[in-house]
Structures are given as structure tokens and as C-alpha cells.
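The form predicted on its own is given below as one chain in C-alpha cells.
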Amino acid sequence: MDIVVCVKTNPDLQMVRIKDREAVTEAVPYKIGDLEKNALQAAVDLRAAVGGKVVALCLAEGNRKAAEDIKVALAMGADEAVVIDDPALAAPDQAAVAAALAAAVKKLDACDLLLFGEGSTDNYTGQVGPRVAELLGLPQISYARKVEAAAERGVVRCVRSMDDMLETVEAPLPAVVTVVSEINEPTIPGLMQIMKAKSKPLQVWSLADLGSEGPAPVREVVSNLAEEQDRKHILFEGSAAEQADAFVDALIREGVLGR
């Protein structure tokens, strides 16, 4: 079974600072998102069960070190990796991302199962997986917490997390599946796996390699500011009990607590 895992590298959110209500991402390192690691682990587990190959597919999206960062996916068990890196995709919207990934999957010309994380760590729109499925004309299963492949019947079977129940569904292969974090606990690669990753195949493709110019962006970011906070600078004095009472009174006056 040929499995393609779409992997996104995101700025490390723990390293992002807020200045003048705007996120400062300069010099912030990138890393593979947590849900993408879940999808990678699911692919590696499927390969162990039914055989085949795992390809990690990544869109650089302005990450100049994407070709290096994707080696984590190779260390986790992917057999090879492909990075789409083009200046026109420095700040793409979900439509452009999906179009580029769909074109890359077509170029790979061997995909029985396409795996995504249910959402990315930074934006978590949950749009890219379904958009790629639509562009490729493939069935899609979302919110998968368990993935099994019945290659002899040509189907993938998933257990989905719904609001108040679990649902088991099947779809014919090839198919797109988006996974949730409950599906597994990703394995942390050891030194040997990290060393072997350096010799695994890694290709970098441009939009020209995909025979595509990329769609014009349809998203316009009007504002992306942190919530403005009005600090009261209230100083509580007295004993600990008096300060606690004054603090509660202040919360009541602000309408945070009811009487």
C-alpha cells in the first residue's frame, strides 16, 4: 500500500512573542505539527500491518528550512519525502495549499491512502484535507481515531470520534483520511533513526515541476491582533485576609463575579 502523509511545519508556538498585540515570528524555529505526527505514526503502523511505502509530503509555506525540518518525518519512519517550495507559496491560503498538494499527489502517481492531521497547530481550519479530497475526487473520512486497511477488499475502515458516540465507516481506496490525536502516541525517533533519515530520498519540487502556477489567493487577512487588555493597576494592601476580601470586591465591581 502506497501511503502519502501531508505534513505541515509550523512555527513553534512556545517561542512566539507578542509585541504591540502582534505575533513576532522572526527567528522562531519551525517544527512538524502534533497532529501531523499522529498521521505519520498511523501511516507507519499501517505499513507494518499491510506492507508498502510511506511518503511524507510537505509544503514549505515560507519555511526556508522545510527540507531540513521534514527529516523528522523520515526519522519517524517515512520512506521518502517531498517538499514543495516556491516563492509564490510563501504565504498561501488554504485553497492554494490544497491545490499544490493535490498536484503533487498526482505527480507521485502512486497513492492508495492520503493521510492528514485533522487540523494544523497554528490555524486549525481543518480545510486542507477536505479540499484535497475534492480536488482529487476521492472519498474522505474525518475525525479518525483508528485506521485499518483491508487491501484485499480495497477499502479503508476507520473509527470516527463524534460528539457523543463512535462511528465505524468504510471507504473505497484510494481515499483521504484526517486523524485526531486519540489515534496513537507518536514514537520519538532514536539516534539510529535520525542518522538513517539523512540517507533517505528527499525531493524538492517547485510549482513549475508540478505544472502549476498556483491559484490566486482568495483570503485577505484584515487583522490578526491579540486581545487588547485594559489593566486596572489596582494595589491591594493589608493582611492576606483583607487583600483577599478587597480582591473579591474588585471582581464583583467589574462584573466578573455576582453577589
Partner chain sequence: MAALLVYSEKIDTARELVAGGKQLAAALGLGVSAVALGPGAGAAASELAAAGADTVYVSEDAAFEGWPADAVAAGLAQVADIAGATVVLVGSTRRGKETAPRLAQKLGAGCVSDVNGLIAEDGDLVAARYAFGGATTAREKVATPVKVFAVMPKTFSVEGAIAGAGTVETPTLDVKSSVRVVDRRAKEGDHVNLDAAPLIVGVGRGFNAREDLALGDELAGALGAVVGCTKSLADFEWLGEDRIIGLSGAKTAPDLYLGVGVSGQIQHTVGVAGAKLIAAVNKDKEAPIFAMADYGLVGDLYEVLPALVERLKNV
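Here the rigid core means the biggest group of C-alpha atoms that line up within 1.5 Å when the two forms are laid on top of each other. Positions refer to the first chain, counted from 1. Bear in mind that the values here come from a model prediction, so they are computed numbers and not experimental data.
The next section is about a form of this same protein that is not shown, the form predicted together with its partner chain.
Put simply, E220 is close to its partner chain in the predicted bound form: some heavy atom of it is within 4.5 Å.
Using a 4.5 Å cutoff between non-hydrogen atoms, K71 does not count as a contact of its partner chain in the predicted bound form. For the chain shown alone, K106 is not a contact residue for its partner chain in the predicted bound form, no non-hydrogen atom being within 4.5 angstroms. Looking at K232, you'd find a heavy atom of it within 4.5 angstroms of its partner chain in the predicted bound form. Contact annotation for 164 to 184: residues with any non-hydrogen atom within 4.5 angstroms of its partner chain in the predicted bound form are D164, M165, L166, E167, T168, V169, E170, A171, P172, V180, S181, E182, listed in sequence order.
L251: CA moves 2 Å or more between this form and the one not shown after rigid-core fitting. With a cut-off of 2 Å and the rigid core superposed, D20 has a Cα displacement that falls short of the cut-off between this form and the one not shown.
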